[in-house]
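Next up is one chain by itself, shown in structure tokens, the form predicted on its own.
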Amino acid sequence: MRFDTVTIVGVGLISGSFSLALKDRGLVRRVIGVSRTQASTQKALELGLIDEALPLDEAVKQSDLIYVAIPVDVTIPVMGQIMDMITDRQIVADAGSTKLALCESLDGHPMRSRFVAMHPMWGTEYSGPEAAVRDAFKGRCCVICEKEKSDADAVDVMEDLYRQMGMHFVYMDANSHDMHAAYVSHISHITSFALANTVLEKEKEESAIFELAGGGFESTVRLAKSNPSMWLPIFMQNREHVLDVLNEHISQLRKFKSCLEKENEGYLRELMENANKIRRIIK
């Protein structure tokens, strides 16, 4: 399988890595980039992530596959424009971290079956075209939502693409995806942002943070470097599920706080030993 032309809408971390994977495997002849900023376009061209840049309507007309990886709040209106322009010989896929709002916005669209709702479960705290990396998706999971609403050939093509990049698949309805994403991804980012704010508020000496911060702090807080323009709309779109997991997280923090206040070493150890069970799931 080889595409003649693929358009990536957004030329950042995910789409840039996707483009590199296509190019490295000889799966595409030409990649067109669509970006809101000239700086991103120029950097993507310099890095070889795209071969040329075009406005959205011109890019869509020339493409076999349109791959959308932009903040989730702007994905909905942009996806509406794309779906209004495509033919039944084209495929549209996204890489967004929330799915319910997008899928609901496209439900009933006459070209809905040419869209494959996807979430490759990979990312870093960095953004922009310069953040793109090779073999980004190898060994990772890709969630496909509402598979039954997409044409079988479109799903087969996207599965084959990601399979060649080293991914495996999980299938969910859009609401289940958003719920699980809140538990294993979105809460991690909120916690990291909150921890960074806590340290910045209490520790006024930046040199102390830099010199004394060990590996544990660095790994826990690194997500706080993530781009707010991407994560703010994710939190807001997935507000109900994020609030649910955030309430549970606050409840757990209160248990630890209570143990320390009451000097309850027994229950504190029990809480930590229970948390150790995560070793069975994550190596």
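All residue numbers refer to positions in the sequence shown, first residue = 1. From a predicted model like this one, the values you see are computed outputs, not experimental measurements.
The same protein also has a form predicted together with a further copy of the same chain, omitted here; what follows describes it.
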{"item": "Contacting member of Leu56, Leu45, Leu246, Leu27, with respect to a further copy of the same chain in the model of the complex [4.5 Å, heavy atom]", "value": "Leu246"}
{"item": "Interface residue in the model of the complex among Ala152, Val199, Val133, Val74, criterion: non-hydrogen atom within 4.5 angstroms of a further copy of the same chain", "value": "Val199"}
{"item": "Per-stretch contact check against a further copy of the same chain in the model of the complex, the hit in 162-170, 97-105, 110-118, 82-90 (non-hydrogen atom, 4.5 angstroms)", "value": "162-170"}
{"item": "Contact at Arg140, Gln252 and Glu265 by a further copy of the same chain in the model of the complex, all three, heavy atom at most 4.5 Å", "value": "yes"}
{"item": "a further copy of the same chain contact at Ile66 in the model of the complex, heavy atom, 4.5 Å", "value": "no"}
{"item": "a further copy of the same chain contact in the model of the complex: Asn175, any heavy atom under 4.5 Å", "value": "no"}
{"item": "Exercise: Lys147 in contact with a further copy of the same chain in the model of the complex, heavy atom 4.5 Å", "value": "no"}
{"item": "4.5 Å heavy atom contact, Ile187 and a further copy of the same chain in the model of the complex", "value": "yes"}
{"item": "Contact set, 85-120 vs a further copy of the same chain in the model of the complex - heavy atom within 4.5 angstroms", "value": "none"}
